[in-house]
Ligand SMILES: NC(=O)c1ccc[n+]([C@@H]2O[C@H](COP(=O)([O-])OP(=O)(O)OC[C@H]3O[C@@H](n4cnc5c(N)ncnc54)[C@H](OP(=O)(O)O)[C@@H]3O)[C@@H](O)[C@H]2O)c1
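Before any questions on binding or motion, here is one chain by itself as structure tokens, the form predicted alone.
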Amino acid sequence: MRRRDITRKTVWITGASSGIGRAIASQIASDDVCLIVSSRRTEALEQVAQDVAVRNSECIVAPLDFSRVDQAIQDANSIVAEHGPIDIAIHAAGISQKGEVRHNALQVYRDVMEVNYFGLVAVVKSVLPGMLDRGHGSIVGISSLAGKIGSSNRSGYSASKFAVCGFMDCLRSEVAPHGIHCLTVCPGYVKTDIAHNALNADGSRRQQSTSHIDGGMQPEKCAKRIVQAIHKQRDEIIIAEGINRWGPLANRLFPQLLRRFLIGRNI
């Protein structure tokens, strides 16, 4: 498979202030790129920019809040107009949720979908016209193993990540003939703050992690796999360790058995 050279390309990463997004920014800076980093936290982005500068890549801080997606679409268009054209767009911004369907407030589902799914749509809508005009580009959507397999207490999060997978599949089918690459990333447990910042059933912040996340893969390792997949122009990758990496395969081969295994399990 042909390896893509991304040297001196313009790369836009959302959710870049922490977790996987920040790790991707650090990893990809080694390729001598122009980075645009976005999230709600300007101070954290400034620190990312300093870290990137050490690796001799240019870094532009462009704050963006996907919790208000209508405004985010306007802001994303402004970012592209000012700093584009964008060669690689990576939507790593995300929020999780923990709670049973019967208890979850409807607003929790909306809040999670706004950031995880509609945020991706906003980014794609802003960068796609320029990519189509130039006949090249890469779009990366960060889904999850929860976007392949559903489990208890994560209906909002899992639904949003299933939506990411479906959207990316459709987008890939449309734009591949125009030379545009689409990569869907499905990580398992990665040691980030996502569980700590997850929404409870009432919309409040959980403010505590889980043993699965605390024992998960380091974000730097996950980011390295993602950057390699961009270089190799992969369509979709599963990034997980141990038995979790076989979950999607088990779901295809033994769906009923896996469903029985997951009943009542709080993961």
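In this text, residue numbers run from 1 along the sequence as written. As the structure is a computational prediction, the values presented were derived from the model and not from experiment.
In what follows, reference is made to the form predicted in complex with this ligand, a form of this protein that is not presented.
**Q** Select, from the options 77 to 85, 141 to 149, 101 to 109, 167 to 175, the stretch whose residues sit within 4.5 angstroms of this ligand in the predicted bound form by heavy atom distance.
**A** It is the stretch 141 to 149.
**Q** Report the residue, out of L128, L183, I95, A122, that has at least one non-hydrogen atom within 4.5 angstroms of this ligand in the predicted bound form.
**A** Looking at L128, L183, I95, A122 one by one, just I95 meets the 4.5 Å heavy-atom criterion.
**Q** Tell me, which of R225, R41, R234, R206 has a heavy atom within 4.5 angstroms of this ligand in the predicted bound form?
**A** Of R225, R41, R234, R206, the residue with a heavy atom within 4.5 Å of this ligand in the predicted bound form is R41.
**Q** So, G247 and this ligand: in the predicted bound form, are they within 4.5 Å at any heavy atom pair?
**A** It does not: once this ligand is placed as it appears in the predicted bound form, G247 has no heavy atom within 4.5 Å of it.
**Q** With heavy atoms only and a cut-off of 4.5 Å, decide whether S18 touches this ligand in the predicted bound form.
**A** S18: yes, in contact with this ligand in the predicted bound form.
**Q** So, in the predicted bound form, is T192 in contact with this ligand at a 4.5 angstroms heavy atom limit?
**A** Yes, contact at 4.5 Å.
**Q** Using a 4.5 Å heavy atom cut-off, state whether E58 contacts this ligand in the predicted bound form.
**A** Looking in the predicted bound form, residue contacts with this ligand do not include E58, since no heavy atom lies within 4.5 Å.
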